[in-house]
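In structure tokens, one chain follows: the form predicted alone.
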Amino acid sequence: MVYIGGIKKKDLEIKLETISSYSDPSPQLEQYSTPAHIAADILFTAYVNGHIKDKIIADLGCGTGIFALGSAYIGAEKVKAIDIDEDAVAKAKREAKKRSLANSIDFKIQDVTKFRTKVDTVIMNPPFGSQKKGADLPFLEKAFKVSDAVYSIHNAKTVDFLENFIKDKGHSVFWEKRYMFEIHHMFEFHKKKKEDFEVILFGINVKRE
């Protein structure tokens, strides 16, 4: 039986499945909610690697809070949840309050490039860059500045570019895992009712000067 933070991995996934997604997602912000089974697996990986329990976590571009709430569930000391979307943050706050997690999470409506607080770990699902090329890069650059370990989801088609980007910044990838990210018809430019989109998780050790 797999336990993380005193919770079975499957039970964590079930808890995450009950978190509300975006009510009016923005195509410009590429607001695709992370599926619960993927979020639970990423949180499990980060926990096993010693990057969550009793740590300060940041969820950059937190959306409705799946990584922020998940980190709080399994033993983070404190979570910083940052998003530019006021409605998404309001919903994430309600979700945290419903689950008695509000005291564990600091929510802030803010562009991630303005975030300055030092944390131990960043766990995030930034924009994939489908609408604006390179939209995920400011998230990575900020994560490198404020944390020692980063877990970040990206379009699998950009893997070679991102591996070189991370290396050129002086950091190292210690973990890669691919997932099929199911995207349902949400925006006018979507041609199918649902589509499986391959993403890749990078676990990154941040090198400090």
Partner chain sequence: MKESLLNILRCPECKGELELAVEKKNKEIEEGTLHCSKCAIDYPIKDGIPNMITPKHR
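The model shown is predicted, which means the values in this text are computed figures rather than measured ones. Positions refer to the first chain, counted from 1.
The following text describes the form predicted in complex with its partner chain, which does not appear among the structures shown.
Between its partner chain and the residues M124, I74, I105, V119, the one pair within 4.5 Å by heavy atoms in the predicted bound form involves I105.
By the criterion of a heavy atom within 4.5 Å, I84 is counted among the residues contacting its partner chain in the predicted bound form. Among heavy atoms of A96, none comes within 4.5 Å of its partner chain in the predicted bound form.
In the predicted bound form, K133 stays away from its partner chain, with no heavy atom inside 4.5 Å. In sequence order, K78, K80, I84, E86, V89, A90, K93 are the residues of 78-96 having a heavy atom within 4.5 Å of its partner chain in the predicted bound form; the partner itself is omitted from this view.
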